[in-house]
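As structure tokens, one chain now follows by itself in the form predicted on its own.
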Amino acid sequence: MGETIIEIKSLFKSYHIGHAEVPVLRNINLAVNKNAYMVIKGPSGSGKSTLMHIIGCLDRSDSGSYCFDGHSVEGLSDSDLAEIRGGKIGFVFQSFNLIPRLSILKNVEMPLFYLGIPGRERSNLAKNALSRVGLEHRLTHSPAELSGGEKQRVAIARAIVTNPSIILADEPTGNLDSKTGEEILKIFDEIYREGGTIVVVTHEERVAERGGRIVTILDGEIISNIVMTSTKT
């Protein structure tokens, strides 16, 4: 067993719609080891993205415990959570979330800017991250000049530029055709082989097959948690 980076116990989460309380996650128990490749799979509305947001410190649970890298997350201030997000978690979203008015290089530099990294060092780190995803030749281009696959490569470069403890990817191939999606998944494979820790949320079976562990959620509950005997990674 590897060292645990994520440990969740008896987690519950509900949303209020008008006067009604709608449960989204129920009694979630989950552990993620360092240098693991975990996939959280489930249909739309199953609660998987809500779980991802809680893991990524973008949302809070109603009850239960959550430890990130050995430290309890409950009770942390919003600024403490922002510090964890900025320095220890890399995010990749389906919609890319790039800033249209900034160049590709400046988009990737952004997390380093918020960490207070000096300009020249920011630039060098961002260039290295873009080189890892094969976009070292597009530094000055804007997001509007890129294909969907290239935009997602930029998003991955931005996620890895801080050398985070874990990468969280929410439907990373959802806006891409199958060929381009496969190219993106190969980048995740490479990050994993280099020692990265990855958690991917998806409803696609072909994406789920990449993981070393597949956690399936249905109606807010984990219904299976399977370690794969062989993976494409």
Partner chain sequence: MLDIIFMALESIMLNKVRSFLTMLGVMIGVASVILLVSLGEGTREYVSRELMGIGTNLLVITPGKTETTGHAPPQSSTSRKLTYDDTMHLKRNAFTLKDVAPIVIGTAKVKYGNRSRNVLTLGITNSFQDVRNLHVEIGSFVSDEDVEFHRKVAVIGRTVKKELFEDENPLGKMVWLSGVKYRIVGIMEKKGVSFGFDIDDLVFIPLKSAQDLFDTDRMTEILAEAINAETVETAKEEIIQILKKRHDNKEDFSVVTQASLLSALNTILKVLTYVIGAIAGISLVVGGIGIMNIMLVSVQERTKEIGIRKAIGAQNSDILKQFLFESTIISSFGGIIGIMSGAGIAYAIPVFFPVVPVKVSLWSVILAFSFSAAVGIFFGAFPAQKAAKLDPVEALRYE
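Note that the structure is a prediction, hence the values are computed from the model and not measured. Positions refer to the first chain, counted from 1.
Not on display, but discussed next: the form predicted together with the partner chain.
- Task: Let me know the one among Glu204, Asp59, Asp69, Glu183 whose heavy atoms come within 4.5 Å of the partner chain in the predicted bound form, would you?
- Result: It is Asp59 that has a heavy atom within 4.5 Å of the partner.
ask   = Asp78: heavy atom within 4.5 Å of the partner chain in the predicted bound form?
value = Yes, Asp78 sits close enough to the partner chain in the predicted bound form that at least one of its heavy atoms falls within 4.5 Å.
Contact with the partner chain in the predicted bound form for Arg85, defined as at least one heavy atom pair within 4.5 Å: yes or no? So Arg85 counts as contacting the partner chain.
Q: Evaluate His53 for contact with the partner chain in the predicted bound form, applying a 4.5 angstroms cut-off between non-hydrogen atoms, and reply yes or no.
A: His53: yes, in contact with the partner chain in the predicted bound form.
(message) Residue-level question: is Thr140 within 4.5 Å of the partner chain in the predicted bound form, judged on heavy atoms?
(response) No, Thr140 sits far enough from the partner chain in the predicted bound form that none of its heavy atoms falls within 4.5 Å.
Each of Lys34, Tyr37 and Lys41 having a non-hydrogen atom within 4.5 Å of the partner chain in the predicted bound form: is that the case here?
Heavy-atom distance to the partner chain in the predicted bound form: none of the three under 4.5 Å.
Judged by heavy atom distances of 4.5 Å or less, which residues of 82-101 approach the partner chain in the predicted bound form?
Ala82, Glu83, Arg85, Gly86, Phe91, Phe93, Ser95, Asn97, Leu98, Ile99, Arg101, in sequence order.
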